[in-house]
Structures are given as structure tokens and as C-alpha cells.
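First, one chain by itself in C-alpha cells, the form predicted alone.
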């Protein structure tokens, strides 16, 4: 196969530029292989985060030709090789160096979410359909591609008001677990800002685990928040019985 030109971002928090590298393309090669070739033969100081190279660790997230992807899952022969292939760090997070970004904000959000708490006295039995429902959400590998593509974080930088798709998936796994006894709807509304999401499904499109983030997690959670805080019947009942309407 012909050589490919990779236009790779080189820089840090202070700024940087795209640098072109010529890489020989071999059969079955993925973008991460090309990056490793650049490290081995042209730029040994090129910084990139990776681990398993099997699309299960979520480490090698980047933007290839402007789209958030796992570099280890993006085949070179699926890209147009007659023009430069751009490889840049995730836009939604601060650059540390080259293709490595600081994703520590995500772990701060994670700490806000109360963990699984079983209802007292409940029997530990579940139907298979309940297992299947929450199991989908547990496939998440925390690559944060859904966070990167989300316009609320990517374009509007609402990190103080918005949790993002990855953590709506985590809350969904807890809220839809039949043995869990906590109610996290107030957290969704007030701290994770689920109302900012306008369900464009861009997060679903980039998920390497093919989790139906929008349809199976975000929309049902939005419905729960609406039922709890905006349902007119509930509001009337609260008013009649003197309950505080929040």
C-alpha cells in the first residue's frame, strides 16, 4: 500500500501546531500503529496515551479527521489516503502534551454520584430482562469520546453545570437497577444538568461499545426528572398538601 501523510498535533497547554509525517501503510494497520511508527522512526518524543490496543481500555481516544475515535479501532484503509489524515487531541479537555489530554475532570464528576445502595429487606433476585437492561450501560470503557463530542462540553464548556453522557450512563445503570434504593433525580436536575442535553445523539454515534446512550439512558432519565419536578398533577398535589415544590 502507499504511504500516508499523518498531520499530527504537536504542542502543549501553551499552544502548538500540526506536523506532517510520512508513514508506510501495511495491511491491517490502524491509526495507533501509524502513531507508533512515527514514535519509533521520526519523533520519539511524541506523547500519546494507550494501553491495550484492543478497544477495551479507552486510553487512545483522539480526533481523527475531526471525529472523536479510538485510534486502535480506526483502520487506515478506511480513511482517504490521498489527503493528510489529521490526528489531534480531544477538543473538550485541556491538552497536556501532543495527543494526551487531561481528563481528570471526569473523575470529579464521578464522585458526585452516590454508589449503588440496595433497598433494605429486598431479595437478591432479578429477572433476565432487568439484568440485560443495566448490563448495556456497564459496557462503558470510559474512553470519554461521548464527552468529547457533546456540544455542551465541547463548544460551550459547561463543565460546572453539566455531567455529560458518560455519567448519565452511569446514573442510568444505578437508577434502572431493580435492587437500588436511592433516588438520583435531584442530582440529575441540579448538579449534572441533564436539561442542557438536547438529545442530538452525537454521543451514541461515537460510542465504540455501541451503547444506546441517548435512547436507553438519557431520554428515560429526562422523563424521570420531568415526572418528579414538572408533572402538573404532582405539582398540584404538592401544593394542596403543602409540600415544597422544587
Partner chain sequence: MTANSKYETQEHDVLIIGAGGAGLRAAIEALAQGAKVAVVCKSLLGKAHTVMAEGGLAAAMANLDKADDWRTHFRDTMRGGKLVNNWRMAQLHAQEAPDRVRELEQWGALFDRTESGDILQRAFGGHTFRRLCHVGDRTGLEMIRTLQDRGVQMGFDVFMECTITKLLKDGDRVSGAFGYWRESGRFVTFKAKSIVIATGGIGKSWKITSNSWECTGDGMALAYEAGAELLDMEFVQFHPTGMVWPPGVQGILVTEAVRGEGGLLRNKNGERFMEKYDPKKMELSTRDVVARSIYTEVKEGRGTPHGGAYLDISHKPAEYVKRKLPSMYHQFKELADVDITKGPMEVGPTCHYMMGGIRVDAETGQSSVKGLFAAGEAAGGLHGANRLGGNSLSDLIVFGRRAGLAAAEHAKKTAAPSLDNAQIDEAERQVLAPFDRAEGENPYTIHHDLQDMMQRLVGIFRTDADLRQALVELEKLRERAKKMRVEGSRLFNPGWHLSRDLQCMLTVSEACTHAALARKESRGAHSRLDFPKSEDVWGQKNHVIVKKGDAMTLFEVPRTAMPAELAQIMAEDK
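Numbering follows the first chain given and starts at 1. Bear in mind the structure is a predicted one, so any value in this text is a computation, not a measurement.
Keep in mind the form predicted in complex with its partner chain is missing from the figure; the text below concerns it.
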Within 4.5 Å, heavy atoms only: does residue 118 come near its partner chain in the predicted bound form?
yes
Partner proximity in the predicted bound form: residue 45 to its partner chain, non-hydrogen atom cutoff 4.5 Å
yes
Should residue 159 be counted as a contact of its partner chain in the predicted bound form, where contact means heavy atoms within 4.5 Å?
no
So in the predicted bound form, does any heavy atom of residue 135 sit within 4.5 Å of its partner chain?
yes
The stretch from 194 to 202, 213 to 221, 66 to 74, 181 to 189 that lies within 4.5 Å of its partner chain in the predicted bound form, judged by heavy atoms, is 66 to 74
Though the partner is not shown here, which residues of 99 to 131 have a heavy atom within 4.5 Å of its partner chain in the predicted bound form?
100, 103, 107, 110, 111, 113, 115, 116, 118, 124, 125, 126, 127, 128, 131
